[in-house]
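We begin with a single chain expressed as structure tokens, specifically the form predicted alone.
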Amino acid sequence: MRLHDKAKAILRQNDQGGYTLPTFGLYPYQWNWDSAFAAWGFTTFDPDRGWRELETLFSGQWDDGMLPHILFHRIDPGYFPGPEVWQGRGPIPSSGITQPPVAASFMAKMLVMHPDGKTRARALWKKLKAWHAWFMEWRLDQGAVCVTHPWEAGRDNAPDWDSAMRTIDVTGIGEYTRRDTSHVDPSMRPTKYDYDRYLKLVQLGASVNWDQRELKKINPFRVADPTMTFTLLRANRDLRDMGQSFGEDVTQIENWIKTLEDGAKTLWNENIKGYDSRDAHTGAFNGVLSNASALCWYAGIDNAEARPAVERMMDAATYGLASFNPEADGFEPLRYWRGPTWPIMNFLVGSGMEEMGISDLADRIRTDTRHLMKLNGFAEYYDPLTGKPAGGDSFTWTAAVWLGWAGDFPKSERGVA
């Protein structure tokens, strides 16, 4: 079986009808940005199923515009933390935090691939705008977008969060049993130290019914993040362009774009010559060069000063772009977001570079990503030094990246004109 047929089979086997599991066992629900990748992947061969993925995702949107990072469509008592811990207040049992807002950007790609989906896209456009408005109202610090929980950034245990995590008092956290370490080697996952703090932040949010005004007062964790800032900036550009084609007034979105462009400048750390996360409470940079630092091109910011550090990161790895600088202290090639290379981030960075004309690095990232999949299948992530597959197997968004970008088959078979 050809790899693109295997990739399609993975999306089908993880398909729950209206939503797609990231992979069976490890992640038994619908995850926000995973689902956007899945919708894109499905659209390459089954456009109707792709649109249903996004429609199901937005069926869980809260009345304040927030789109949760997990929707608990079918309760799995073996998963922790479940809805009884989160105490979300949306129309579907859910978590109380969000994830990188990539849905608008994937919807834009889906429209190019499947113009007949315009009516469905128009129905989703206002919901996307409400979600983006929620970010702009509640999550800005000097124009950059903050995360209030490491899980929100999608980069759960990234070194970016270490300083802020140390400020969290985990007294009274209680006993709990994790599911992830029963499915994946614990050495590849966040530590108990991390998990204690993750759960404390969930308890804090639930204690104020996820009221953003109250949460801002009590949450010790608020970090301005390149991932969120750059993905929202890109998503707003795509939302604006779609809105214009639909005849919508996009003046407000234009203002958001300008705010985020200015905010991105506050993430530039001259000491590392790269975009860095910044503690919103203290104002201090975290000194972390990561794959998120390279998302500037995806956001439409062509900063030539950012290239040398990113290129050195690539030179220090064998495959793609490591999640954390391989030359830095604390680099761990197999521990989740403290070193491995992720096809999804390779796509975001690589496609952004392609669009900005940085073809040499873009081609290199895409070729490395393709080679990893040919070598070791559709894993969640890989060791950037050896290519060893890690995390979950038969992973939805990795298969989607093959179908939409990394695969070495004709564009016509990827649903791209």
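It should be emphasised that the depicted structure is a prediction, and the values quoted were computed from it without experimental measurement. Sequential numbering from 1, following the sequence displayed.
Keep in mind the form predicted together with a small molecule is missing from the figure; the text below concerns it.
Novice: Given that the partner is absent here, state which listed stretch (302-310, 236-244, 150-158, 264-272) has heavy atoms within 4.5 Å of the small molecule in the predicted complex.
Specialist: Flagged stretch: 150-158.
Novice: Although the small molecule is absent from this view, report whether Gly407 comes within 4.5 Å of it in the predicted complex, heavy atoms only.
Specialist: Because no heavy atom of Gly407 falls inside 4.5 Å of the small molecule in the predicted complex, the answer is no.
Novice: Any of the heavy atoms of Asn286 lying within 4.5 Å of the small molecule in the predicted complex?
Specialist: Judged by the heavy-atom cut-off of 4.5 Å, Asn286 is well away from the small molecule in the predicted complex.
Novice: Counting only non-hydrogen atoms and a 4.5 angstroms cut-off, does Glu53 reach the small molecule in the predicted complex?
Specialist: Outside the cut-off, so no.
Novice: How about Asn325 - does it come within 4.5 Å of the small molecule in the predicted complex, if we only consider non-hydrogen atoms?
Specialist: So Asn325 does not count as contacting the small molecule.
Novice: Out of Phe72, Phe106, Tyr336, Tyr319, which one falls within 4.5 Å of the small molecule in the predicted complex, going by heavy atoms?
Specialist: By the 4.5 Å heavy-atom cutoff, the listed residue in contact is Tyr336.
Novice: Answer yes or no: in the predicted complex, does the small molecule come within 4.5 Å of a heavy atom in every one of Pro22, Asp34 and Gln99?
Specialist: Every listed residue reaches the small molecule in the predicted complex, so yes.
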